[in-house]
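A single chain, nothing else alongside it, follows as structure tokens in the form predicted alone.
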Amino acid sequence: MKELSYLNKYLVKYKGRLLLGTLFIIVSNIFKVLMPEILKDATNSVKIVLDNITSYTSEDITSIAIKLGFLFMLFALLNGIFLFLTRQTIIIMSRLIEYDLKNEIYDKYQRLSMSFYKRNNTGDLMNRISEDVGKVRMYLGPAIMYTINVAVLIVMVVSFMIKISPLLTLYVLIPLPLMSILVYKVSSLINKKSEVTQVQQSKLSTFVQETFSGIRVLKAYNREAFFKNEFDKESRNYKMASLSLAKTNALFIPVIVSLIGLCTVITVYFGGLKSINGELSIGEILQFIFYINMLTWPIASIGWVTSLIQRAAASQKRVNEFLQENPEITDKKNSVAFESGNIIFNNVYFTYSNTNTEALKNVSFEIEKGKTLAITGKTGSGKSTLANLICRLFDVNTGEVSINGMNVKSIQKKSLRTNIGYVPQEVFLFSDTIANNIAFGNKSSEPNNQEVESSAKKAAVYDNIIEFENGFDTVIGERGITLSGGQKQRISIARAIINNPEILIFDDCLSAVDTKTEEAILSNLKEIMNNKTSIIISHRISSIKHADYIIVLDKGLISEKGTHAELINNKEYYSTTFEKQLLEEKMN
């Protein structure tokens, strides 16, 4: 219950529904425990009539039967009505808490830093907000409802049993301590197996998510059979974990029902002796047996409820791991709004915590406001990392990144990122219309069609879009799967520039377009980049040669820096790469 205590704040929030549900349970059980009392009276009345058959007319017998039958049906109806009201309060409460919990987890996911997503699989994150929360809801609804019901019913039934015969009640309750020990032992085992089952389910979800996300590669390499076998293996592991848990759960009900059966035998034997001695009537013995059977399902449900609680505890433990995770990138108390100015890197070092890869080492440079900086270098040299630090998707380990003389850590995250138009190396488009994907970049207000179309023209993708049957209202597939690589990159550029940001970052975003289209895009972007600080990251020298300042990164270090003409004269990596690319263009 330690892990589940996190949910107490929600139980307090919906305490009105919980208390009302508890009241309905009490009233429902009052009518339920009174029903055997009516059966006792009916049985005793029948015995009296049989013993004195000559003293009663058929009308008397009919009157007694109708009266007792009507009371029994009335109590059964009222019991059912209040049972319905119980479910309408407690079960609905669990659905409301499920809604709140999912929203809390989703909000937490969005506030966590990029390093968190590098450490965790998407499938596992999805499983925790869906499957795990679903199991937690079973604790908040059925488990709580049945626990309260069992507690109330046991108190009421045992009270009536003691009223009938304290000694017989003592005999009947002897097996209960044994039942408690069994519940404790088996529930501990269920908890461990529930954790194993949930972990295996997350692995299965992760595998499926990665398979569907990479379906193009899977089909291109003709690996369907291999992935089918791998899925079968993961499914088999989940099946074995689930069966092991199910077998443990199966121990509960047979054992508990057997103990209840033993209680019934004790009642018949000792009750019969007392009836012979005249201490109990036949009606009271029948009433006692009904009370024993009335406890059968509630006590048998202890095993099921325990299973629900243990599964919920295992799931909530996994949820708590993320809810207790603190974002690494946060605003300071006295953080200020963004103001455009020079961007300065001062002795910056950065290492990725999940891989211990040192991405940047002692990087220092300055970009004047309104100028264009170009960054090039080999794959893995730290180019994208540098862009991420400006956006403050990560924080530097040592050194400082500042804008207009202010450390980016002192600038409000929302204000900083709103003023940056970022086109990442890995383009991501939503399963939505092209218009909405472009409009996604507008942070201040809903853009009109004119703004969307203008951005598309500047990104040289307008002509492609209007060729589609539905134009800007074309719904693209997941991650833009229905578009070409070049079209996705240009839509991503249109998304970045629609907000007219102060800083533009293009991270190798023209790699999938031809040279002619690249020139068209760069020509269109000149007007946009005017009086804006721009950073262009590219392997193509043709994309960056017009930049005001160029740096070359090599294994996290700045190996060259200067203008295009200066770097050509250096006769090093930049110059060599430029000559190779010119030769390739001529050959093409």
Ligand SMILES: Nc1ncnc2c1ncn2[C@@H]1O[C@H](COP(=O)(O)OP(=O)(O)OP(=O)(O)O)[C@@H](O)[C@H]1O
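Numbering starts at 1 and runs along the sequence shown. Here the structure is a predicted model, which means the values were calculated and not measured.
Form predicted in complex with the named molecule: not shown, discussed below.
Only one of 105 to 113, 306 to 314, 347 to 355, 145 to 153 lies within 4.5 Å of the named molecule in the predicted bound form by heavy atoms, and it is 347 to 355. Screening S165, T517, Q200, S384 for any heavy atom within 4.5 Å of the named molecule in the predicted bound form leaves a single hit, S384. Only one of the listed residues (K545, K40, K532, H539) places a non-hydrogen atom within 4.5 angstroms of the named molecule in the predicted bound form, and that residue is H539. The named molecule is not drawn, but in the predicted bound form it has a heavy atom within 4.5 Å of A359. In the predicted bound form, the named molecule stays beyond 4.5 Å of every heavy atom belonging to N326. Interface membership of G380, defined by any non-hydrogen atom within 4.5 Å of the named molecule in the predicted bound form, is confirmed.
Among heavy atoms of K247, none comes within 4.5 Å of the named molecule in the predicted bound form. The partner is not shown here, but in the predicted bound form the stretch 86 to 118 reaches within 4.5 angstroms of the named molecule through a heavy atom at K118 alone.
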